[in-house]
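What follows is one chain in structure tokens, specifically the form predicted alone.
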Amino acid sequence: MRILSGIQPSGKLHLGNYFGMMQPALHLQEKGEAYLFIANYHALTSVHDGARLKQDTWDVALDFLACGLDPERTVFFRQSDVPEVHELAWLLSIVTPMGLLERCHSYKDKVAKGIAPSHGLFAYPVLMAADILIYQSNIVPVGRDQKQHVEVTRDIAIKFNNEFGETFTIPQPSIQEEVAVVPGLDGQKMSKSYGNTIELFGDMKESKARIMKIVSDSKPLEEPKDPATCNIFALYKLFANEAQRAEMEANYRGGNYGYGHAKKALVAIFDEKFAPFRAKRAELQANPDYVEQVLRKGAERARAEASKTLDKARKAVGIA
């Protein structure tokens, strides 16, 4: 079973990225043949600063390796190191109905948020389809908000197969229902767009200051509190084991426990969880040749599979 995931390098990774995508992606190493790519071509739809994109791409590589990605068990690479994906995207585009793309909510959502409408943004789902199909992926883990893109990929693959003969594996989305929405400092979904994030590898002093700014209600210290409605607890339980969660729940409901206490507990458990990752990241940052070697080897493995699929697709349409 081949499992594919990708992440855009469009800024510093944060706790929402870690619990929503990174941690589940790392678990895939145990479940099948995992492919994970840094989607720097996709990031170009919103990032037009070359130096920033290059640095963000590098930072994503460091972050994943620091958090436990094993390059022996995961094919880890930059999207831009597999040029075959672009030719396949063109071949897929010839069977992609305009109406299919016009119905994609991601394009409308991004334009509504101020991203300039462009062909790249509009055709994003076709490139994503090429990313998935070129490795004959069986499973694509996604959040519910990304399910439509996998459905579009399936529609394109089926149409291509019907038109030119069996060429692509039809992928299945794996909806990660168990991953809760990670709240940001203001209670909205943690997102760079909202400026409400806690960075994975930011300065710990700054991270502490941001955690202490998490919005809470105005209940006084002595009054019992409901952990189910508290953003601080929602973040804490992502790190905590069962005993730690039960203890904090009891503290909330027992009274004489303030939100300041909860925030300090969150700082402590966040620091404990990421301390070994920070140490590993510092080692990797001091050894850029190793990181580059991991990405290059991953790209070689990815291109070997991509070339097989592209050759098959080229023969199917009659240009090889």
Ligand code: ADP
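What you are looking at is a predicted structure, and each value in this text was computed from that prediction instead of being measured. Between two forms, the rigid core is the largest collection of C-alphas that superpose within 1.5 Å. Quick note: we count residues from 1 along the sequence shown, nothing fancier.
There is also a form predicted in complex with adenosine-5'-diphosphate (ADP); it is not shown, and the following applies to it.
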Practice problem: Identify which of V181, A209, A116, L100 has a heavy atom within 4.5 Å of adenosine-5'-diphosphate (ADP) in the predicted complex; exactly one of them does. | Solution: V181
Quiz item: What is the one choice in H105, R73, K192, K147 with a heavy atom within 4.5 Å of adenosine-5'-diphosphate (ADP) in the predicted complex?
Solution: K192
Quiz prompt | Interface stretch in the predicted complex with adenosine-5'-diphosphate (ADP) - options 246-254, 215-223, 184-192, 158-166, non-hydrogen atom within 4.5 Å | solution = 184-192
Quiz prompt | Contact of R303 with adenosine-5'-diphosphate (ADP) in the predicted complex (heavy atom, 4.5 Å) | solution = no
Quiz item: Taking heavy atoms only, is L310 within 4.5 angstroms of adenosine-5'-diphosphate (ADP) in the predicted complex?
Solution: no
Quiz item: Should M21 be counted as a contact of adenosine-5'-diphosphate (ADP) in the predicted complex, where contact means heavy atoms within 4.5 Å?
Solution: yes
Practice problem: Tell me whether S10, H14 and N17, taken together, all sit within 4.5 Å of adenosine-5'-diphosphate (ADP) in the predicted complex, counting heavy atoms only. | Solution: yes
Quiz prompt | Core-superposed C-alpha of N196 shifting 2 Å or more between the shown form and the other one | solution = yes
